[in-house]
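Read the single chain below, which is given as structure tokens and is the form predicted on its own.
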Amino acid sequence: MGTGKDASKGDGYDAFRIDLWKPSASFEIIKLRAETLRQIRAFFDKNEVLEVDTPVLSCATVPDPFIESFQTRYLPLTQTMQTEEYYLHTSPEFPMKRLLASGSGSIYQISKVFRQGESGRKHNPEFTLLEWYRDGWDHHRLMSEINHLLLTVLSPYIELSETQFVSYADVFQSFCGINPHTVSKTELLACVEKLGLADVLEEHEHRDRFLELLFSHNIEPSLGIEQNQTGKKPCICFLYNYPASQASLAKTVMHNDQLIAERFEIFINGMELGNGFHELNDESEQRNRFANDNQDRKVMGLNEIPMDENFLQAVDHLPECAGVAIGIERLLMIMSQSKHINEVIAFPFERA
């Protein structure tokens, strides 16, 4: 009978193998995850938001050129069915909106999601999302509820300063001295060069890519941090009123003579925690956005993604609502002051 060891590799190899079978998260963190999920469920139960469950495996996925899905194949046991391509979802958004369009009312879900290429200090290809939708609400009312939930969950573990609500335009004016809604491509190139980022992107790339570059390098690290005479202190920061070109699945409206997206993101201690929308409920507009995404994918040399017709047919039936997705692992990183996402996952990608 084998011993389970490879004697030819020596003791060092055996020690490496032993380390890999152990969880990378401590049991204190594993217990913290369980308690946090219990608190979240208690919060939604108290507020009469229904927990739902939707498929992880889908015949379609998001065409966003900057989110790449895991693809797999369904192999039928009989020859009467064709082999079909499927995707592991990057978010439960599409099926949850189908439930909303069918009359579910306010709902939430805690689910595993999957994204290609996302591995690093703050990313794991498989992670956990808390996603919820409020029937009849706009994004401002949802931001208030998110703030309440985050304060409830985080307050026992970290001391937070007063929550901040700031516009996308205000942070760009403050950190870069530009108006992101009206800035020219020439001005963007000059700003990028001034910060030593001129070699990161090609000049012909879309202006939003340059805005995202400036944001990630010069703005995001300072969001969710209050600086005062006594030093720095973390806080919850809601960033809202994104450019209409970055709307994704959000409504767009005129604001101060500019078309803006009713979208927001949440930051704490320089880290993005979540992304939310006043949800678009116009099928024609959503179909056009998906078509534009696929065109961008084609230009970038990526495979086009089939339209999710089940979702698109539901969009016109979607009630007025707002939704948000929050990364559970990043929430745990903030609560435990962990430096790497592997510290809050039992078996991350490298050990899965």
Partner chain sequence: MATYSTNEFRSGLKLMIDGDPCAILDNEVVKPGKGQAFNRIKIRNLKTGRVVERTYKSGESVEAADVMDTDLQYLYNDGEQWHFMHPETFEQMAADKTAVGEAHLWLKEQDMCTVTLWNGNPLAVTPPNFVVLSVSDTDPGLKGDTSGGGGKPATLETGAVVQVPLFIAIGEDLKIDTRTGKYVSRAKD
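Positions refer to the first chain, counted from 1. In this text, all values refer to a predicted model and were calculated from it rather than measured experimentally.
There is also a form predicted together with the partner chain; it is not shown, and the following applies to it.
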Exercise. Every residue in L223, L239 and E329 with a non-hydrogen atom within 4.5 Å of the partner chain in the model of the complex?
Worked result: no
Exercise. Just one stretch in 38 to 46, 310 to 318, 24 to 32, 59 to 67 has heavy atoms within 4.5 Å of the partner chain in the model of the complex, so which one is it?
Worked result: 59 to 67
Problem set entry | Proximity of K251 to the partner chain in the model of the complex, heavy atoms at 4.5 Å | no
Exercise. Hey, in the model of the complex, is N275 touching the partner chain, heavy atoms inside 4.5 Å?
Worked result: yes
Exercise. Counting only non-hydrogen atoms and a 4.5 angstroms cut-off, does V200 reach the partner chain in the model of the complex?
Worked result: yes
Exercise. Are any of the heavy atoms in R134 no more than 4.5 Å from a heavy atom of the partner chain in the model of the complex?
Worked result: no
For this session: Using heavy atoms only and a 4.5 Å cut-off, determine which of D138, E145, D170, E212 is in contact with the partner chain in the model of the complex.
Result: E212
Exercise. Can you pick the one in R207, H181, K233, H123 that has a heavy atom within 4.5 Å of the partner chain in the model of the complex?
Worked result: H123
